[in-house]
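The chain that follows stands alone, in the form predicted on its own, written as structure tokens.
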Amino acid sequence: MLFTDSHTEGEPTRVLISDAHRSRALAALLDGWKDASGSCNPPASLRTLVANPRAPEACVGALLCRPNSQAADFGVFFFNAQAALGMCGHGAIGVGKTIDQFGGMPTGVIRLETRAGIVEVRREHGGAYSFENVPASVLASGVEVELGDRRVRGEVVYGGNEFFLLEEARPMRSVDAELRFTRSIRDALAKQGVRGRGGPIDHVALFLQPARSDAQERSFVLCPNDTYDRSPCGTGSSARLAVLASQGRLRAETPHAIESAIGSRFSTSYRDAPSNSVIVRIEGRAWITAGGALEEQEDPAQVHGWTETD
């Protein structure tokens, strides 16, 4: 299987191309990977391709295939070492950069069909790329979560993936401290039975005071593979703008810059959409970092990387 690695504002994407997958339609792949509950569960042999030691722990895979819709140019299945993803914002930019690098974006625009819907990626000036995400909306407001020593209140929001969003009026602490905090929220949500419309909520996003002067806020996002997003998170930023729009705190078409945990930045804005949802536009930069070929690993134990034993 051929691969091209990139990072979008610090967050890695691995675009995967194989003869066995690229000729199949997205719907056929998803049907073949449904488990007993009806959820999409990609095989361990595929997930190993974006797991340690073959890839950074934060890596997201983007498997190219045929789209189902004639309105799309490519089908893309996004996933990480733990699970399937509905959509991936930094990944959409990474796919756009990769396809453009190899001459596949002659008009400067491509349309990607994802599990969540079709997103349009555009080449912008200065090496940047933008995309318009699927509609984002608030599913539940004022959701309280008991953490033992404190109670927090946030929103359950869909932005291509389902999030619990929490706003905290403070600077970001260390990565380890924020990982412990967001993991405790995720575990409490599961314990209390707080779910999204698609099942358990596996993304937790904090929105904090920015460290850079050209950003309005800073995100820290816990991902399903138990690590954090190095970019400001495209689907998380979409969810955030849905919250700000619903609360009347951000008007349509108003620029809103979001800083990441590592200090990188997305430029965002939104336009109104039906059913109290918003269409969010996100712009960021991506860089190609490597390429080559990989074999799928059949041992499921390798999905989670090396285990050191004496």
Ligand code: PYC
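All figures in this text were calculated on a predicted structure; none of them were measured in a lab. Counting begins at 1, following the sequence as shown.
Missing here is the form predicted in complex with the ligand; even so, the following discussion is about that form.
(message) Quick check on this chain: which one of Val95, Cys88, Ala205, Val157 has a heavy atom within 4.5 Å of the ligand in the predicted bound form?
(response) Answer to the contact question: Cys88.
(message) Given a 4.5 Å cut-off on heavy atoms, tell me which of 193-201, 229-237, 106-114, 143-151 is the interface stretch with the ligand in the predicted bound form.
(response) Only one stretch passes the 4.5 Å heavy-atom test: 229-237.
(message) Under a 4.5 Å heavy atom criterion, is Ser219 part of the interface with the ligand in the predicted bound form?
(response) Ser219: no contact with the ligand in the predicted bound form.
(message) Within 4.5 Å, heavy atoms only: does Ala261 come near the ligand in the predicted bound form?
(response) Ala261 lies outside the contact set for the ligand.
(message) Can you work out whether Val60 and the ligand are in contact in the predicted bound form, taking contact to mean some heavy atom pair no more than 4.5 Å apart?
(response) Within the cut-off, so yes.
(message) With the partner left out here, check for me: in the predicted bound form, does some heavy atom of Leu165 sit within 4.5 Å of the ligand?
(response) It does not: once the ligand is placed as it appears in the predicted bound form, Leu165 has no heavy atom within 4.5 Å of it.
(message) If you apply a 4.5 angstroms heavy atom cut-off, which residues in 142-163 are near the ligand in the predicted bound form?
(response) The stretch 142-163, when checked against the ligand in the predicted bound form, contributes only Asn161 at the 4.5 Å heavy-atom cut-off.
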